[in-house]
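The chain below stands alone and is given as structure tokens, in the form predicted alone.
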Amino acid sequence: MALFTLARPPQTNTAKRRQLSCGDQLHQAGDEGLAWRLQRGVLRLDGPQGFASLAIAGDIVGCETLLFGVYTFSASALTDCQLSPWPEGDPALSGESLLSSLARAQQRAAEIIALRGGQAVDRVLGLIRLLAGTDGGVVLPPRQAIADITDLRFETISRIVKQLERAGVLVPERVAGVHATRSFRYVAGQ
């Protein structure tokens, strides 16, 4: 006897990729919809009490719709994002991908909790490390979003980002289509 049933049967998803700009909403909690794999960018997940978590490239967002039929969290873009429908192919392979994504999301939840306590500069650096790509490039979310995630004030975030720039930890970098004050190269060990 099964302990649960899927809200809809697994199938190959034929929906098209989605592009979101910073601030665009992917979905609201309680809406019906698809699960998505985040190909590029950062999504903010919000629950009834506000900020809940982040999704970064490689994560699967909205997989709970396969069980419950609706989204648990609202999701909005903190940076420009590209998403593709999930599952993207053979359900057996997609299931393995889902397990990996869930394990990463659980580890990230612990990292995000750590971002809400301790020294302010360590919180901001922790978020930057989390968001930095393998090449060190990072597009920071808007300052208010960083403040929400790290449980700090907007003014504190602005001051710390400027300090990190002066120290050479964040080096401004031009990225087409990204506001000049949000795109950096993260230089570890400075």
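Each residue number is its position in the shown sequence, starting from 1. Just so we're clear, the structure is a prediction, and the values are computed from it rather than from any experiment.
As for the form predicted together with the DNA, it is not shown, yet the points below apply to it.
Proximity to the DNA in the model of the complex, taken as a non-hydrogen atom within 4.5 angstroms, holds for one residue of Gly137, Gly126, Pro142, Gly33, which is Pro142. Residue heavy atoms within 4.5 Å of the DNA in the model of the complex occur in exactly one stretch of 143-151, 127-135, 37-45, 64-72, and that stretch is 143-151. For Gln119, a non-hydrogen atom is located within 4.5 Å of the DNA in the model of the complex, even though that partner is not displayed. For the chain shown alone, Arg18 is not a contact residue for the DNA in the model of the complex, no non-hydrogen atom being within 4.5 angstroms. The DNA is not drawn, but in the model of the complex it has no heavy atom within 4.5 Å of Gln28. In sequence order, Asp151, Leu152, Arg153, Phe154, Glu155, Thr156, Ser158, Arg159, Lys162, Arg166 are the residues of 145-168 having a heavy atom within 4.5 Å of the DNA in the model of the complex; the partner itself is omitted from this view.
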